[in-house]
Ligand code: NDP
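The chain that follows stands alone, in the form predicted alone, written as structure tokens.
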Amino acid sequence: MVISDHVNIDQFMAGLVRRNPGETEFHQAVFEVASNVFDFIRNKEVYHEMQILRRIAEPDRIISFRVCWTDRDGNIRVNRGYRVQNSNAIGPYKGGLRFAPTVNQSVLKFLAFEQTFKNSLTGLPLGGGKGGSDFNPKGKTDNEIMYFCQSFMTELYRHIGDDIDVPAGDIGVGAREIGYLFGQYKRLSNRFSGVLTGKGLEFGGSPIRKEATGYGVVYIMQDMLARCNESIEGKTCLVSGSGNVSTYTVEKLIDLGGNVVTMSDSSGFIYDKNGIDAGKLEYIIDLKTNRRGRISEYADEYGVPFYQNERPWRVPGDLVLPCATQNELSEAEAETLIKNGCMAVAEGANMPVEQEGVQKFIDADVLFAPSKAANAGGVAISGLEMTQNSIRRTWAKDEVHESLRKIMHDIHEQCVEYGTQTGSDRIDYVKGANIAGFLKVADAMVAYGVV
């Protein structure tokens, strides 16, 4: 089927849904890109002839495998592992591993699809992939997690390599898990190579990797506001989540004078109207990282309200940075935030705002940075970690930080270039990110022919 003037986006999406039944997260991710790209390429015949959009929406391959491990009581447990290799048109597959009970093929296909365009936006030679398992690390001992990671890598290692596919961490996969995974890869392959990123500094990691995603989200927000002669200083900021991305988002907001009043986890959210300062943030980092505690303990410690099983989007705020998980902010919550005076949103998690909510923000002229642009800082530093591994050198922290800031600024400028509305100063950052990310991948695919 050749995409022509007789084929509209509804027909394109109907075909995609038919080929991928029940994969709602994947459908949502493809529609979000296709809704912008479809019109942009309508008169660019080479992209139609080469079926670029349909080919990008079909992963190169999906690897699914059984993961067996033994728990603390000697019981044999069975989970399912995946690696979705979406596109290596501009470089080796690159994207995180997620360990969470919500992991399934649809979620990983959406993440790998998004990762393809996110990596393209960084300007680095990185393809798109994602992987993980429905294994839940919460409540597990260190040994249980080690046994699981070793079993997971025993299958995965034959499908990855520093010039093939370079995984990293994601939800449920932090420094501990990366260490176990890399140790098993090294044992099986008898090679010390940059096959995983997010490694410890002692064995090939990069400075500021753990901070990079959160910092990058704030830098995109800073650039969007600066273009409107605004700044983060003095703004009330709503942040969701309390993991790695959230905590470093909050840290950088505090550095730039923002007043962060919310954080959350799966049990609910805290509202600290006086603001979360550096000392309180240290408490949260220790609570979540070392003690595996719940955000409700912050409320007890500092005497602030905790709203059980709720999300923070009814709190009035100027800047909104959802950093927890996909589809955590609904259309109705977007309407509430708009009524409460929200002026800008930057997505720290992957696709955290429902599609209808995104449109509400855009229609209300709220500045909106989509995740493929806003949270690209993590994979940017992962790409730089790969470079450092290949030349057997570790750069200084300030040097890496400077590179991160430049990459995020360049992403912002690409969004401006392709998202500027005709006859207006208004920028559609979603459209800009989708088109800019698409073009580099598409042009490479055209150059290769039909492969």
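Small disclaimer: the values here were computed from a predicted structure and weren't measured. Don't overthink the numbering: it's just position in the shown sequence, from 1.
Keep in mind the form predicted together with the ligand is missing from the figure; the text below concerns it.
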*Given that the partner is absent here, does Gly348 sit within 4.5 Å of the ligand in the predicted complex, heavy atoms only?*
yes
*asked:* Taking the ligand as it sits in the predicted complex, is Ser266 in contact with it (heavy atom to heavy atom, 4.5 Å or less)?
replied: yes
*asked:* Would you classify Lys94 as touching the ligand in the predicted complex, given a 4.5 Å non-hydrogen atom cut-off?
replied: no
_With the partner left out here, check for me: in the predicted complex, does some heavy atom of Gly241 sit within 4.5 Å of the ligand?_
yes
*Interface segment, criterion being heavy atoms within 4.5 Å of the ligand in the predicted complex, picked from 241 to 249, 146 to 154, 184 to 192, 73 to 81*: 241 to 249
*Considering the ligand in the predicted complex, which of Cys323, Ile220, Ile381, Leu108 comes within 4.5 Å of it through any heavy atom?*
Cys323
*Can you pick the one in Lys235, Lys288, Lys280, His159 that has a heavy atom within 4.5 Å of the ligand in the predicted complex?*
Lys288
